[in-house]
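In the structure tokens that follow, the same protein chain appears in two forms, which are kept apart as structure 1 and structure 2.
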Structure 1
Amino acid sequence: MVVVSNPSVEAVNLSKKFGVFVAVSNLNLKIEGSKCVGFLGPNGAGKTTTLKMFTDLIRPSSGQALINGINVHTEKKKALASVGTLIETPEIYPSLTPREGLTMIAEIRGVPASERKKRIEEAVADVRMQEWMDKRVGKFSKGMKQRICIASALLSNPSILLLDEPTTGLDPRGMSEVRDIVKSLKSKKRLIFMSSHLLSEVSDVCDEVAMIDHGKLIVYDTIPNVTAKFSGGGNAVEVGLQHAIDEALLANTIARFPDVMGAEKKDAKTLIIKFSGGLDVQERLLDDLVRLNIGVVSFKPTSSELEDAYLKLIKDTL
């Protein structure tokens, strides 16, 4: 049994060279706690390469990849004991069925025999593949394989998840289901480190982002801080309400909250509120809104700002 109070994933001067080409350059990054961190960067930035070093698929050229303080390369078995991973789309032995492939992983990871069947069935149900449980994997489509591999990452109830573009290859429903899975994991004290090109997805499920370009870390911060610092027009949140909002309340009260720069309706039950400042302001804003008893059902930073910040940051380094 692994008891981890504060899961962490840490890169210490981590570098990877392919010949003379430097794919990851002196990366220093420590993420810890129960949260979801988005890993962003353009194609070829070094995201997959970094995640591979955390999963023993490749060796660092120098520096260390640490999980819960344990070096993945030298003490792999211990470091990965409580880590679920999905790097690229793995292939399962084509002659096996999902049940067999997942049982193999469950056995390797030490899921107790008495729980195996139940856990596998639950994980497969999470990715909506129950019907295919006993069919051979060989003929599965890419997205179906991706789903089984996501199930395999969830199987052992890991405290840390390392996911490389987990939703690519999935149909729209699959994407949203995987996002829901990730969100539900986050609320259960997991640390999730996930690369993605879908900024809306990242701002939806992640709390923080790490951006890299040309193998170098550009920024690592909370999403509100990143957007506050790097997107031109301050921050915006999208607020979902249970009932339609009273126009007067919106114009006279909400729009006049401290640091709020503007508040408008997107539709009857959705507000877009622009504000300046970081997480503190955002927290106070949520607090104030809830106090109004207007039936707040959701509250999230809008993606357009993250995109803004992303484009600015990535362009700035070229």
Structure 2
Amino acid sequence: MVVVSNPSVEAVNLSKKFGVFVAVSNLNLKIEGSKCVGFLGPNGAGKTTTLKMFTDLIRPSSGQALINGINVHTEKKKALASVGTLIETPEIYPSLTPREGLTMIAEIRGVPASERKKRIEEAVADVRMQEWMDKRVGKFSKGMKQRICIASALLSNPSILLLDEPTTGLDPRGMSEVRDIVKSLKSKKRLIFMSSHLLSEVSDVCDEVAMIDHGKLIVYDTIPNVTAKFSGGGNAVEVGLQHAIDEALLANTIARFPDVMGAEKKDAKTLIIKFSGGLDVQERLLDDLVRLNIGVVSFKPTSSELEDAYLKLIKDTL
């Protein structure tokens, strides 16, 4: 394991052409620190091509892909020493068990023999597949296979995870399980750079978002900043609570906070609060809610607000 105190991924004038087709065009993007960043864009926007350049699966036509300041293409082994990746749809041989497949992968990646058993058990525990450790992978659902593939990316205990649409092709339960795993990995001081074309997924899992279309970066910022700047009309946040809230408190107090345009229940423990204003109002709103001691456990822009911003930004590039 390579310990990195402030992990970073950076594209410097990064471009990739396939003949006359420009897949990625002069991409400049620097992400650093322990967080989860969604790489958002429509199908064919250049997301997978970019991630492949960060892992040296393909070479850029021009520019540089840097991991922790190290050029991936000139110092590949050093640059990728602290990186775990899941690009497109790899699978472990169906005749193998997770233990057998991950042992083979750990050996290929140079994990010391004395540490392999522990690393494999930790990685499988991270993806909640302990009870399936010695079952044949061929009998797994697609979601279970994807969880084992994520475990393979964790074998070296990386400080950076590059995930390419990790929930693609999964049923709703499989998608939910993989998202929960990614959210749990955020607590382990890693930089997670995750491509997706699903707005709800990015809103649910990520702290920041980088939007790309036609191979060009449109915006990179926190999700609250993006929704505040680019969504139309008022803003809305989804507030998760530990316990169900009293109807009178919702109607007589929260709905009457300054700049609040409306407050309603999404379900027993989730509120949708609409408000006018930017991040300063959002900050004050969160502070006011916490002061009520109602058990706030989450506070995030609604996926519809991110959708408004996304559609506006993508439309502006057409």
Partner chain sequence: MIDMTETQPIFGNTVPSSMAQVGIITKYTFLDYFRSRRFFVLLIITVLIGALLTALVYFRPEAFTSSSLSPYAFYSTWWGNSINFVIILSGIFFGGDAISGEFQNKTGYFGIPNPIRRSSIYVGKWVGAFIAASLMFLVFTGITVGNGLAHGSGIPFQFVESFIFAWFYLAAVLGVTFFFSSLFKSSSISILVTVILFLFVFNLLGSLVLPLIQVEPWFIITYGAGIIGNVLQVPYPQHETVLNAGPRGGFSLSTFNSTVPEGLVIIAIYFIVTAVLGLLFFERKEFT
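For residue numbers, the reference is structure 1: its sequence is counted from 1. Between two forms, the rigid core is defined as the largest C-alpha subset superposing within 1.5 Å. The structure presented is a predicted model; accordingly, all values stated were derived computationally and were not measured.
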| query | Between the first and the second structure, which is the form predicted together with its partner chain? | reply | 1
| Yes/no, residue 133 Cα shift of 2 Å or more between structure 1 and structure 2 with rigid core fixed | yes
| task | Take the rigid core as the frame of reference and indicate whether the C-alpha of residue 78 shifts by 2 Å or more between structure 1 and structure 2. | result | no
| Does the C-alpha of residue 216 move 2 Å or more between structure 1 and structure 2 once the rigid core is lined up? | no
| query | With the two forms matched on the core, what distance in Å separates the two CA positions of residue 97 between structure 1 and structure 2? | reply | 4.6
| task | Could you check how much the CA of residue 264 shifts between structure 1 and structure 2 after a rigid core fit, in angstrom? | result | 2.6
